[in-house]
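Both blocks below hold the same protein chain, though in two forms, and each is given as C-alpha coordinates: structure 1 and structure 2.
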Structure 1
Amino acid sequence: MKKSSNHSANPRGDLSAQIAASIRDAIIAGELIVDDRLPSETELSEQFEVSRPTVREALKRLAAQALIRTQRGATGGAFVNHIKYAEAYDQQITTSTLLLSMNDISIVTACEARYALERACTPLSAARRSADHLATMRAEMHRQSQPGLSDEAFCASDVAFHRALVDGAQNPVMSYQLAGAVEAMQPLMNMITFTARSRERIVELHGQIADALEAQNGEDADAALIALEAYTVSLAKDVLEARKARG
(Lines of atoms letter the chains of each structure in order from A and count residues from 1; the text may use other names and numbers.)
(Lines give C-alpha, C1' and ligand atoms only; values in the text may rest on other atoms or scores of the structure.)
Protein backbone atom coordinates (compact mmCIF):
# COMPACT_ATOMS: atom_id res chain seq x y z
CA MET A 1 0.00 0.00 0.00
CA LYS A 2 1.25 3.43 -0.94
CA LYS A 3 1.26 6.17 1.65
CA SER A 4 -0.60 9.33 0.66
CA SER A 5 1.41 12.54 0.77
CA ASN A 6 0.74 15.90 2.48
CA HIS A 7 -1.15 14.34 5.37
CA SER A 8 -0.33 17.21 7.71
CA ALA A 9 -2.16 19.65 5.44
CA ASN A 10 -5.46 17.79 5.64
CA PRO A 11 -8.09 17.44 8.37
CA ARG A 12 -8.62 14.02 9.93
CA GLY A 13 -11.71 13.32 7.82
CA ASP A 14 -9.69 13.75 4.66
CA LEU A 15 -6.87 11.63 6.03
CA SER A 16 -9.16 8.73 6.83
CA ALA A 17 -10.61 8.94 3.32
CA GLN A 18 -7.10 8.90 1.83
CA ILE A 19 -6.09 5.88 3.89
CA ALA A 20 -9.29 4.05 2.98
CA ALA A 21 -8.65 4.85 -0.69
CA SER A 22 -5.08 3.56 -0.44
CA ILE A 23 -6.20 0.26 1.07
CA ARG A 24 -9.05 -0.03 -1.45
CA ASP A 25 -6.58 0.55 -4.31
CA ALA A 26 -4.35 -2.21 -2.91
CA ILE A 27 -7.31 -4.59 -2.88
CA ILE A 28 -8.28 -3.67 -6.46
CA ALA A 29 -4.66 -4.08 -7.61
CA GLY A 30 -4.44 -7.51 -6.02
CA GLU A 31 -1.81 -6.49 -3.49
CA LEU A 32 -4.31 -7.55 -0.85
CA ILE A 33 -6.50 -10.55 -1.66
CA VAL A 34 -9.59 -12.10 -0.10
CA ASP A 35 -9.00 -13.21 3.51
CA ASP A 36 -5.68 -11.36 3.78
CA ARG A 37 -5.23 -9.81 7.20
CA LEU A 38 -4.58 -6.07 7.17
CA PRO A 39 -1.78 -4.65 9.31
CA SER A 40 -2.84 -3.73 12.84
CA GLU A 41 -4.13 -0.26 13.70
CA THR A 42 -0.76 0.52 15.26
CA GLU A 43 1.12 -0.62 12.17
CA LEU A 44 -1.18 1.35 9.88
CA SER A 45 -0.88 4.48 12.00
CA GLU A 46 2.91 4.22 11.78
CA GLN A 47 2.83 3.50 8.05
CA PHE A 48 0.58 6.47 7.26
CA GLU A 49 1.96 8.69 10.06
CA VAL A 50 -1.46 9.38 11.54
CA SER A 51 -3.23 8.68 14.82
CA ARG A 52 -4.98 5.39 15.55
CA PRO A 53 -8.43 7.09 15.65
CA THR A 54 -7.82 8.25 12.07
CA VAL A 55 -6.91 4.68 11.05
CA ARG A 56 -9.97 3.38 12.87
CA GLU A 57 -12.16 5.82 10.92
CA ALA A 58 -10.59 4.65 7.64
CA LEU A 59 -11.33 1.04 8.52
CA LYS A 60 -14.94 1.95 9.29
CA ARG A 61 -15.21 3.46 5.81
CA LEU A 62 -13.92 0.24 4.25
CA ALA A 63 -16.24 -1.90 6.37
CA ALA A 64 -19.21 0.25 5.31
CA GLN A 65 -18.30 -0.57 1.70
CA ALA A 66 -18.11 -4.28 2.61
CA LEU A 67 -14.46 -4.32 1.51
CA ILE A 68 -13.21 -5.58 4.87
CA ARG A 69 -14.60 -7.46 7.86
CA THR A 70 -13.38 -7.41 11.43
CA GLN A 71 -12.95 -10.32 13.84
CA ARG A 72 -12.37 -10.24 17.56
CA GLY A 73 -10.04 -12.36 19.63
CA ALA A 74 -6.39 -13.37 19.56
CA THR A 75 -6.56 -14.26 15.87
CA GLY A 76 -8.79 -11.32 15.04
CA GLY A 77 -8.21 -8.13 13.14
CA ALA A 78 -9.35 -6.65 9.85
CA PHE A 79 -9.52 -8.95 6.84
CA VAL A 80 -10.21 -8.41 3.15
CA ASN A 81 -13.80 -9.42 2.58
CA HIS A 82 -15.27 -11.62 -0.14
CA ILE A 83 -17.91 -9.42 -1.75
CA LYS A 84 -20.83 -11.29 -3.26
CA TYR A 85 -22.79 -9.84 -6.15
CA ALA A 86 -26.07 -9.97 -4.27
CA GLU A 87 -24.55 -8.01 -1.38
CA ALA A 88 -23.41 -5.27 -3.78
CA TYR A 89 -26.83 -4.80 -5.41
CA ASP A 90 -28.00 -2.26 -2.83
CA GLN A 91 -24.99 -0.02 -3.40
CA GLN A 92 -25.50 -0.20 -7.16
CA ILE A 93 -29.18 0.69 -6.80
CA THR A 94 -28.45 3.55 -4.38
CA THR A 95 -25.77 5.02 -6.64
CA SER A 96 -28.00 4.78 -9.73
CA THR A 97 -30.91 6.38 -7.87
CA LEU A 98 -28.73 9.27 -6.72
CA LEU A 99 -27.34 9.82 -10.22
CA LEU A 100 -30.84 9.95 -11.69
CA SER A 101 -32.24 12.26 -9.02
CA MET A 102 -29.29 14.67 -8.91
CA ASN A 103 -28.53 15.01 -12.60
CA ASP A 104 -31.97 15.73 -14.08
CA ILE A 105 -31.97 12.73 -16.41
CA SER A 106 -34.84 12.84 -18.90
CA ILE A 107 -37.30 9.98 -19.07
CA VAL A 108 -36.33 9.36 -22.69
CA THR A 109 -32.65 9.06 -21.77
CA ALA A 110 -33.46 6.78 -18.84
CA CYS A 111 -35.67 4.56 -21.00
CA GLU A 112 -33.06 4.38 -23.75
CA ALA A 113 -30.36 3.27 -21.31
CA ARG A 114 -32.50 0.90 -19.27
CA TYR A 115 -34.06 -0.97 -22.18
CA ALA A 116 -30.83 -1.15 -24.17
CA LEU A 117 -29.18 -2.81 -21.18
CA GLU A 118 -32.13 -5.12 -20.52
CA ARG A 119 -32.33 -6.15 -24.17
CA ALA A 120 -28.69 -7.22 -23.95
CA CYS A 121 -29.86 -9.87 -21.47
CA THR A 122 -32.78 -11.08 -23.56
CA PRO A 123 -31.06 -13.61 -25.85
CA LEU A 124 -29.18 -15.09 -22.90
CA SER A 125 -32.35 -15.26 -20.83
CA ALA A 126 -34.18 -16.95 -23.71
CA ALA A 127 -31.48 -19.62 -23.81
CA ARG A 128 -30.82 -20.05 -20.09
CA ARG A 129 -33.94 -19.07 -18.10
CA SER A 130 -35.06 -21.67 -15.60
CA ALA A 131 -38.54 -22.80 -14.67
CA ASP A 132 -38.22 -20.71 -11.51
CA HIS A 133 -37.52 -17.53 -13.51
CA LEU A 134 -40.58 -18.18 -15.67
CA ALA A 135 -42.69 -18.96 -12.61
CA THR A 136 -41.67 -15.67 -11.01
CA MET A 137 -42.61 -13.74 -14.13
CA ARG A 138 -46.00 -15.50 -14.36
CA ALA A 139 -46.67 -14.90 -10.67
CA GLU A 140 -45.91 -11.19 -11.02
CA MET A 141 -48.16 -10.94 -14.07
CA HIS A 142 -50.98 -12.52 -12.04
CA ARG A 143 -50.31 -10.06 -9.23
CA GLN A 144 -50.37 -7.12 -11.64
CA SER A 145 -53.78 -8.23 -12.90
CA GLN A 146 -55.40 -8.12 -9.45
CA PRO A 147 -58.03 -5.40 -8.99
CA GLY A 148 -57.29 -2.97 -6.20
CA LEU A 149 -53.52 -3.44 -6.37
CA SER A 150 -51.92 -0.18 -5.23
CA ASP A 151 -49.62 1.79 -7.52
CA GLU A 152 -46.75 1.12 -5.14
CA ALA A 153 -47.39 -2.63 -5.20
CA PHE A 154 -47.76 -2.61 -8.98
CA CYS A 155 -44.40 -0.84 -9.28
CA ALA A 156 -42.73 -3.37 -6.99
CA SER A 157 -44.22 -6.22 -9.02
CA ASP A 158 -43.09 -4.57 -12.25
CA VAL A 159 -39.52 -4.42 -10.91
CA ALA A 160 -39.69 -8.07 -9.79
CA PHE A 161 -40.85 -9.15 -13.26
CA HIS A 162 -37.97 -7.45 -15.01
CA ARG A 163 -35.43 -8.64 -12.44
CA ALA A 164 -36.53 -12.20 -13.22
CA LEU A 165 -35.96 -11.50 -16.91
CA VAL A 166 -32.47 -10.17 -16.21
CA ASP A 167 -31.59 -12.92 -13.74
CA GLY A 168 -32.77 -15.48 -16.29
CA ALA A 169 -29.61 -14.73 -18.26
CA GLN A 170 -27.78 -16.38 -15.35
CA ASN A 171 -24.86 -13.99 -15.66
CA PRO A 172 -24.11 -12.46 -12.25
CA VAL A 173 -22.09 -9.59 -13.71
CA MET A 174 -24.99 -8.53 -15.93
CA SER A 175 -27.45 -8.93 -13.05
CA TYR A 176 -25.28 -6.67 -10.92
CA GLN A 177 -24.90 -4.03 -13.62
CA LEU A 178 -28.62 -4.07 -14.32
CA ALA A 179 -29.66 -3.85 -10.67
CA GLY A 180 -29.49 -0.07 -10.89
CA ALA A 181 -31.04 0.08 -14.35
CA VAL A 182 -34.11 -1.90 -13.34
CA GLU A 183 -34.56 -1.03 -9.67
CA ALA A 184 -33.69 2.67 -9.95
CA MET A 185 -34.99 3.54 -13.42
CA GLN A 186 -38.18 1.45 -13.35
CA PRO A 187 -39.63 3.26 -10.30
CA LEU A 188 -38.74 6.58 -11.96
CA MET A 189 -40.66 5.56 -15.08
CA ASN A 190 -43.60 4.29 -13.03
CA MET A 191 -43.69 7.47 -10.97
CA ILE A 192 -44.14 9.55 -14.12
CA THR A 193 -46.50 7.28 -16.05
CA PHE A 194 -48.67 5.62 -13.38
CA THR A 195 -51.59 8.02 -13.84
CA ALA A 196 -51.83 7.40 -17.59
CA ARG A 197 -50.71 3.84 -18.16
CA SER A 198 -52.94 0.91 -18.94
CA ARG A 199 -52.12 -1.95 -16.61
CA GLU A 200 -53.80 -4.30 -19.04
CA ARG A 201 -51.42 -3.20 -21.81
CA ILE A 202 -48.39 -3.66 -19.59
CA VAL A 203 -49.52 -7.13 -18.50
CA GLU A 204 -50.16 -7.97 -22.15
CA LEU A 205 -46.58 -6.97 -23.09
CA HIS A 206 -45.22 -8.82 -20.07
CA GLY A 207 -47.10 -11.88 -21.28
CA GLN A 208 -45.52 -11.58 -24.71
CA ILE A 209 -42.07 -11.39 -23.09
CA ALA A 210 -42.70 -14.39 -20.83
CA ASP A 211 -44.20 -16.45 -23.68
CA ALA A 212 -41.19 -15.70 -25.89
CA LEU A 213 -38.72 -16.63 -23.17
CA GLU A 214 -40.59 -19.83 -22.43
CA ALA A 215 -40.39 -20.68 -26.15
CA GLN A 216 -36.70 -19.70 -26.06
CA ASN A 217 -37.39 -17.13 -28.77
CA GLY A 218 -35.04 -14.24 -28.12
CA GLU A 219 -36.19 -12.24 -31.15
CA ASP A 220 -39.84 -12.16 -30.04
CA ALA A 221 -38.83 -11.26 -26.49
CA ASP A 222 -36.70 -8.42 -27.85
CA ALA A 223 -39.58 -7.18 -30.01
CA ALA A 224 -41.89 -7.14 -26.98
CA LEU A 225 -39.33 -5.16 -24.97
CA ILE A 226 -39.04 -2.66 -27.83
CA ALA A 227 -42.83 -2.30 -27.81
CA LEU A 228 -42.81 -1.81 -24.03
CA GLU A 229 -40.13 0.87 -24.34
CA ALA A 230 -42.10 2.70 -27.06
CA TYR A 231 -45.26 2.54 -24.93
CA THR A 232 -43.43 3.85 -21.86
CA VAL A 233 -41.77 6.72 -23.72
CA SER A 234 -45.05 7.69 -25.40
CA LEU A 235 -46.87 7.75 -22.07
CA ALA A 236 -44.12 9.77 -20.41
CA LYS A 237 -44.08 12.36 -23.16
CA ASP A 238 -47.85 12.75 -22.99
CA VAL A 239 -47.80 13.15 -19.20
CA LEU A 240 -44.94 15.66 -19.22
CA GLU A 241 -46.52 17.69 -22.01
CA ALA A 242 -49.81 17.77 -20.10
CA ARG A 243 -48.03 18.97 -16.96
CA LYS A 244 -46.23 21.65 -18.95
CA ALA A 245 -49.51 22.85 -20.46
CA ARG A 246 -51.08 23.10 -16.99
CA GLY A 247 -48.04 24.85 -15.54
Structure 2
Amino acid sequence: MKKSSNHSANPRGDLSAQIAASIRDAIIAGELIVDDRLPSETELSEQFEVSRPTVREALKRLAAQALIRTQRGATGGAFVNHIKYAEAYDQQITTSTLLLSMNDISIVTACEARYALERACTPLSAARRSADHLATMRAEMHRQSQPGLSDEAFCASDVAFHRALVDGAQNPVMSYQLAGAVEAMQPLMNMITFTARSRERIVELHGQIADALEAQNGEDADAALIALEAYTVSLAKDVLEARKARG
Protein backbone atom coordinates (compact mmCIF):
# COMPACT_ATOMS: atom_id res chain seq x y z
CA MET A 1 0.00 0.00 0.00
CA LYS A 2 2.38 2.66 -1.17
CA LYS A 3 0.21 5.75 -1.35
CA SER A 4 2.39 7.15 -4.16
CA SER A 5 2.43 10.69 -2.76
CA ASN A 6 -0.90 12.16 -3.77
CA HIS A 7 -0.81 15.87 -4.17
CA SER A 8 -3.98 16.25 -6.21
CA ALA A 9 -7.36 15.16 -4.90
CA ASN A 10 -7.76 11.44 -4.84
CA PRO A 11 -10.69 10.02 -6.82
CA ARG A 12 -11.34 7.47 -4.09
CA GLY A 13 -11.66 10.21 -1.50
CA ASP A 14 -10.01 10.63 1.86
CA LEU A 15 -7.50 8.23 3.25
CA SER A 16 -10.08 6.69 5.53
CA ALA A 17 -12.42 6.27 2.57
CA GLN A 18 -9.69 4.63 0.52
CA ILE A 19 -8.80 2.24 3.31
CA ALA A 20 -12.44 1.40 3.91
CA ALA A 21 -12.90 0.75 0.18
CA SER A 22 -9.82 -1.43 0.12
CA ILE A 23 -11.04 -3.60 2.97
CA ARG A 24 -14.58 -3.64 1.60
CA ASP A 25 -13.30 -4.88 -1.74
CA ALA A 26 -11.39 -7.63 0.02
CA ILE A 27 -14.55 -8.73 1.79
CA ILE A 28 -16.66 -8.67 -1.35
CA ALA A 29 -13.99 -10.53 -3.29
CA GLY A 30 -13.98 -13.23 -0.64
CA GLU A 31 -10.39 -12.63 0.44
CA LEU A 32 -11.77 -12.01 3.88
CA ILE A 33 -14.54 -14.33 4.92
CA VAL A 34 -17.04 -14.25 7.72
CA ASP A 35 -15.55 -14.16 11.21
CA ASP A 36 -12.08 -13.54 9.88
CA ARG A 37 -10.25 -11.19 12.16
CA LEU A 38 -8.74 -8.08 10.65
CA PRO A 39 -5.30 -7.00 11.82
CA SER A 40 -5.37 -4.80 14.90
CA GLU A 41 -5.76 -1.09 14.41
CA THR A 42 -2.08 -0.60 15.13
CA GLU A 43 -1.10 -3.21 12.54
CA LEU A 44 -3.46 -1.72 9.97
CA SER A 45 -2.03 1.73 10.57
CA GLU A 46 1.42 0.30 9.84
CA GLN A 47 0.27 -1.60 6.76
CA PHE A 48 -1.50 1.39 5.25
CA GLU A 49 1.07 3.85 6.56
CA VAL A 50 -1.48 6.06 8.26
CA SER A 51 -2.26 6.96 11.82
CA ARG A 52 -4.56 4.98 14.04
CA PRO A 53 -7.35 7.59 14.07
CA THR A 54 -7.45 7.37 10.29
CA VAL A 55 -7.69 3.60 10.44
CA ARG A 56 -10.43 3.91 13.01
CA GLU A 57 -12.44 6.22 10.79
CA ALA A 58 -12.16 3.64 8.04
CA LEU A 59 -13.32 0.87 10.36
CA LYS A 60 -16.28 2.93 11.53
CA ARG A 61 -17.33 3.39 7.93
CA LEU A 62 -17.37 -0.36 7.51
CA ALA A 63 -19.14 -0.84 10.81
CA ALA A 64 -21.87 1.55 9.66
CA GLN A 65 -22.53 -0.82 6.75
CA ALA A 66 -22.52 -3.80 9.10
CA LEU A 67 -19.56 -5.24 7.21
CA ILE A 68 -17.52 -5.61 10.38
CA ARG A 69 -18.14 -5.74 14.09
CA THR A 70 -15.61 -4.87 16.77
CA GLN A 71 -14.85 -6.33 20.13
CA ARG A 72 -12.70 -5.03 22.89
CA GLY A 73 -10.24 -6.97 24.93
CA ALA A 74 -7.23 -9.22 24.53
CA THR A 75 -8.71 -11.43 21.84
CA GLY A 76 -10.81 -8.62 20.43
CA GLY A 77 -10.51 -6.75 17.21
CA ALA A 78 -12.51 -6.17 14.07
CA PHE A 79 -14.21 -9.20 12.57
CA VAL A 80 -15.91 -9.65 9.25
CA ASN A 81 -19.56 -9.63 10.15
CA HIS A 82 -22.12 -12.17 9.10
CA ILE A 83 -24.76 -9.88 7.67
CA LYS A 84 -28.13 -11.03 8.84
CA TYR A 85 -31.40 -10.11 7.26
CA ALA A 86 -32.48 -8.05 10.25
CA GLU A 87 -29.48 -5.76 9.89
CA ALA A 88 -29.85 -5.50 6.14
CA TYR A 89 -33.56 -4.68 6.58
CA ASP A 90 -32.81 -1.67 8.72
CA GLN A 91 -30.29 -0.28 6.30
CA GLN A 92 -32.54 -0.81 3.34
CA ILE A 93 -35.46 0.84 5.03
CA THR A 94 -33.41 3.83 6.11
CA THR A 95 -32.03 4.32 2.63
CA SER A 96 -35.34 3.72 0.88
CA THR A 97 -37.19 6.09 3.17
CA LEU A 98 -34.75 8.91 2.60
CA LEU A 99 -34.66 8.20 -1.11
CA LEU A 100 -38.43 8.59 -1.33
CA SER A 101 -38.55 11.73 0.77
CA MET A 102 -35.62 13.44 -0.92
CA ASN A 103 -36.51 12.84 -4.55
CA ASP A 104 -40.09 13.99 -4.31
CA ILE A 105 -41.46 10.74 -5.57
CA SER A 106 -45.17 10.96 -6.14
CA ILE A 107 -47.42 8.68 -4.18
CA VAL A 108 -48.59 7.21 -7.46
CA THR A 109 -45.08 6.19 -8.48
CA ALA A 110 -44.25 4.79 -5.06
CA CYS A 111 -47.53 2.89 -4.86
CA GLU A 112 -47.10 1.54 -8.34
CA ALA A 113 -43.71 0.11 -7.43
CA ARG A 114 -44.83 -1.21 -4.11
CA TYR A 115 -47.91 -2.99 -5.32
CA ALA A 116 -46.27 -4.33 -8.45
CA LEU A 117 -43.57 -5.92 -6.32
CA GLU A 118 -46.01 -7.11 -3.73
CA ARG A 119 -48.16 -8.72 -6.37
CA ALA A 120 -45.08 -10.62 -7.46
CA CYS A 121 -45.22 -12.32 -4.08
CA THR A 122 -48.86 -13.34 -4.08
CA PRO A 123 -48.63 -16.47 -6.25
CA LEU A 124 -45.83 -17.79 -4.06
CA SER A 125 -47.53 -16.70 -0.88
CA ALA A 126 -50.76 -18.35 -1.91
CA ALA A 127 -48.92 -21.60 -2.47
CA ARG A 128 -46.73 -21.58 0.63
CA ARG A 129 -48.12 -19.35 3.38
CA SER A 130 -48.23 -21.02 6.77
CA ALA A 131 -51.00 -20.91 9.32
CA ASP A 132 -48.79 -18.50 11.21
CA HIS A 133 -48.79 -16.00 8.39
CA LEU A 134 -52.54 -16.19 8.09
CA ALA A 135 -52.93 -15.75 11.84
CA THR A 136 -50.74 -12.65 11.76
CA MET A 137 -52.82 -11.18 8.99
CA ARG A 138 -56.08 -11.83 10.84
CA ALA A 139 -54.65 -10.38 14.03
CA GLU A 140 -53.57 -7.20 12.28
CA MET A 141 -56.97 -6.89 10.62
CA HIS A 142 -58.55 -7.13 14.02
CA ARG A 143 -56.30 -4.38 15.31
CA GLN A 144 -57.11 -2.23 12.31
CA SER A 145 -60.83 -2.55 13.07
CA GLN A 146 -60.53 -1.20 16.58
CA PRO A 147 -61.95 2.28 17.01
CA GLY A 148 -59.72 4.91 18.56
CA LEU A 149 -56.65 3.60 16.79
CA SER A 150 -54.32 6.43 15.80
CA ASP A 151 -53.49 6.92 12.14
CA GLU A 152 -49.88 6.02 12.81
CA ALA A 153 -50.80 2.83 14.61
CA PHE A 154 -53.13 1.98 11.74
CA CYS A 155 -50.31 2.45 9.26
CA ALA A 156 -47.94 0.37 11.34
CA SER A 157 -50.47 -2.41 11.46
CA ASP A 158 -50.98 -2.09 7.72
CA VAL A 159 -47.25 -2.59 7.21
CA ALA A 160 -47.30 -5.65 9.48
CA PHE A 161 -50.16 -7.12 7.47
CA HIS A 162 -48.38 -6.67 4.18
CA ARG A 163 -45.18 -7.97 5.65
CA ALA A 164 -46.93 -11.16 6.60
CA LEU A 165 -48.20 -11.41 3.04
CA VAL A 166 -44.67 -11.06 1.70
CA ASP A 167 -43.14 -13.40 4.25
CA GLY A 168 -45.74 -15.96 3.26
CA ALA A 169 -43.80 -16.52 0.06
CA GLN A 170 -41.17 -18.17 2.26
CA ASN A 171 -38.40 -16.65 0.21
CA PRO A 172 -36.00 -14.67 2.39
CA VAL A 173 -34.54 -12.84 -0.60
CA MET A 174 -37.96 -11.54 -1.56
CA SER A 175 -38.75 -10.59 2.02
CA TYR A 176 -35.57 -8.60 2.15
CA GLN A 177 -36.11 -6.85 -1.15
CA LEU A 178 -39.70 -6.03 -0.33
CA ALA A 179 -38.88 -4.63 3.09
CA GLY A 180 -37.71 -1.40 1.53
CA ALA A 181 -40.66 -1.11 -0.80
CA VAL A 182 -43.27 -1.70 1.88
CA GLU A 183 -41.82 0.00 4.95
CA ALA A 184 -40.45 3.03 3.16
CA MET A 185 -44.01 3.88 2.16
CA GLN A 186 -45.05 4.41 5.73
CA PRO A 187 -43.99 8.07 5.99
CA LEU A 188 -45.91 8.79 2.81
CA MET A 189 -48.94 6.94 4.10
CA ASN A 190 -48.75 8.73 7.42
CA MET A 191 -49.74 11.89 5.62
CA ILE A 192 -53.12 10.39 4.90
CA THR A 193 -55.93 10.77 7.40
CA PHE A 194 -57.83 7.51 7.50
CA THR A 195 -61.50 8.04 8.16
CA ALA A 196 -63.59 5.34 9.74
CA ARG A 197 -65.13 4.60 6.36
CA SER A 198 -61.81 4.28 4.54
CA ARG A 199 -60.45 2.03 7.27
CA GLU A 200 -63.46 -0.17 6.91
CA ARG A 201 -62.89 -0.46 3.18
CA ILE A 202 -59.20 -1.26 3.64
CA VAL A 203 -59.89 -3.93 6.21
CA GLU A 204 -62.48 -5.38 3.86
CA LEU A 205 -59.87 -5.66 1.12
CA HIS A 206 -57.38 -7.10 3.58
CA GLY A 207 -59.98 -9.70 4.38
CA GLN A 208 -60.31 -10.57 0.72
CA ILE A 209 -56.56 -10.98 0.49
CA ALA A 210 -56.35 -13.15 3.59
CA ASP A 211 -59.28 -15.27 2.42
CA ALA A 212 -57.72 -15.76 -0.99
CA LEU A 213 -54.35 -16.74 0.46
CA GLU A 214 -56.03 -19.12 2.85
CA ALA A 215 -57.81 -20.70 -0.12
CA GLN A 216 -54.49 -20.68 -1.95
CA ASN A 217 -56.12 -18.62 -4.63
CA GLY A 218 -53.43 -16.33 -5.98
CA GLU A 219 -55.64 -14.70 -8.58
CA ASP A 220 -58.23 -13.44 -6.12
CA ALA A 221 -55.48 -12.11 -3.88
CA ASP A 222 -53.99 -10.34 -6.86
CA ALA A 223 -57.31 -8.76 -7.74
CA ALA A 224 -57.78 -7.55 -4.18
CA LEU A 225 -54.30 -6.03 -4.21
CA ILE A 226 -55.08 -4.20 -7.41
CA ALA A 227 -58.23 -2.83 -5.84
CA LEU A 228 -56.28 -1.86 -2.74
CA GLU A 229 -53.73 0.02 -4.78
CA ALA A 230 -56.41 1.91 -6.64
CA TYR A 231 -58.18 2.76 -3.40
CA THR A 232 -54.97 3.89 -1.70
CA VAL A 233 -54.03 6.11 -4.60
CA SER A 234 -57.48 7.67 -4.67
CA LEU A 235 -57.30 8.35 -0.94
CA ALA A 236 -53.91 9.96 -1.34
CA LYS A 237 -55.13 12.12 -4.19
CA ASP A 238 -58.03 13.35 -2.09
CA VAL A 239 -55.64 14.37 0.65
CA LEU A 240 -53.37 16.18 -1.77
CA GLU A 241 -56.24 18.05 -3.39
CA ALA A 242 -57.72 19.02 -0.05
CA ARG A 243 -54.33 20.30 1.01
CA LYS A 244 -53.90 22.23 -2.19
CA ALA A 245 -57.33 23.82 -1.86
CA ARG A 246 -56.61 24.92 1.69
CA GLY A 247 -52.99 26.04 1.27
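Numbering runs along the sequence of structure 1, starting at 1. Treat the numbers as computed from the prediction; the structure is a model and nothing was measured. Whichever C-alpha set is largest while still superposing within 1.5 Å between the two forms counts as the rigid core.
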{"property": "Structure number of the form predicted alone", "result": "1"}
{"property": "Core-superposed comparison between structure 1 and structure 2, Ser198 Cα displacement 2 Å or beyond", "result": "no"}
{"property": "Flag for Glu46, CA shift 2 Å or larger between structure 1 and structure 2 after aligning core", "result": "yes"}
{"property": "Core fit, then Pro123 C-alpha moves 2 Å or more between structure 1 and structure 2", "result": "no"}
{"property": "Between structure 1 and structure 2, how far the Cα of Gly76 shifts once the core is aligned, in Å", "result": "3.3"}
